[in-house]
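Presented as structure tokens, the chain that follows is alone, the form predicted on its own.
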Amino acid sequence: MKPVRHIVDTTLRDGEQSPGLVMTPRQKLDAARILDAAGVYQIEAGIPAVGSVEIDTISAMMDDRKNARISAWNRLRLEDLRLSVSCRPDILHISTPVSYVLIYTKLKKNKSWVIKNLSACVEFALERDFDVTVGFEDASRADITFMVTLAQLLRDKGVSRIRFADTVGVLSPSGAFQAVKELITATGIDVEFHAHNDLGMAVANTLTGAAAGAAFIDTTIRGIGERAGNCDYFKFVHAAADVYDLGISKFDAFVVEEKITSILSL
């Protein structure tokens, strides 16, 4: 029996950050319906803090889906989470800065601030019976000891999954394998791998992340996303389907990609 790897498609969230790309609510709902019917485990539907149109679209997606789990993306802010709660998603995802560059230089905060605010946000979501995943933003440039401390804190609070985000796309395949392996070995927590393609290695890094034990894999249709994009959905399925149970065949993944490419005019 093949080991299982769950696809988390973020075309409708990270993919929409592609330069020059704007998706209408109708396009998002049609694309989500195709991903859902194809057996994608989770659809990252959007960012409720963007505004009322996004909230209404995610709410409609929740009413329309048949099988996929729907998640809403949030910054490390209670205001964001309050807006997401109104969409009734299955999963609240909280993105958390973990590198010193983001914490100290960009945000002018410190590690204690991160721990305090992350704890408050996670408790807010769990008290309302939402499943919670936490994204480690800029994880590839972060101190592994700090990430292990955060992951253990989250695990003890009841969070079962963290996202390792190579936010600026600087990882190599060997670096991706080592980082994911260290986090899983030290904490036992489930890891989701999120790659960016700045060095052209998003698919390769994702494959080695999966080999290291990442059970959840982030993809976008045609690899669209911020800057150089993300891990290409079909390319990953094509490369990994002989090794892992992804819940979809190579041919069906090709059909999904063609349909959504047409809907989004990519």
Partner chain sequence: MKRLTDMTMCCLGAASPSPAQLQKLFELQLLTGADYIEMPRAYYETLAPVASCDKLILRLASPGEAVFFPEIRRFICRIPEEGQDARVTTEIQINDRREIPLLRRYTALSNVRLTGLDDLILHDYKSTFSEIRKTLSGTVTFCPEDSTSCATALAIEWLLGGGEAVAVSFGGLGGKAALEEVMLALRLHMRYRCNATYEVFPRLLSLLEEICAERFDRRKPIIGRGIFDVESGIHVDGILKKPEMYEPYQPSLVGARRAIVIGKHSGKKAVIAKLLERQLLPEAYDIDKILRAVRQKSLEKAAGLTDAAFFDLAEQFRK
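Since we're looking at a predicted model, the values are computed, not measured. Residue numbers count along the first chain shown, from 1.
Beyond what is shown, the protein has a form predicted together with the partner chain; the following relates to that form.
Screening 212, 38, 201, 31 for any heavy atom within 4.5 Å of the partner chain in the predicted complex leaves a single hit, 201. Taking a 4.5 Å heavy atom cutoff to the partner chain in the predicted complex, the contact residue among 112, 105, 185, 160 is 105. Shown alone here, residue 16 lies within 4.5 Å of the partner chain in the predicted complex, counting heavy atoms only. At the 4.5 Å threshold, heavy atoms of residue 228 reach the partner chain in the predicted complex. Taking the partner from the other structure, the partner chain in the predicted complex has a heavy atom within 4.5 Å of a heavy atom of residue 25. In the predicted complex, no heavy atom of residue 145 sits within 4.5 Å of the partner chain. The putative spot formed by 42, 117 and 216 is not touched by the partner chain in the predicted complex; no residue has a non-hydrogen atom within 4.5 angstroms of it.
Heavy atoms within 4.5 Å of the partner chain in the predicted complex map, among the stretches 161 to 169, 84 to 92, 148 to 156, 120 to 128, onto 161 to 169 alone. Contacts between stretch 243 to 258 and the partner chain, counted in the predicted complex as any heavy atom lying within 4.5 Å, involve 243 alone.
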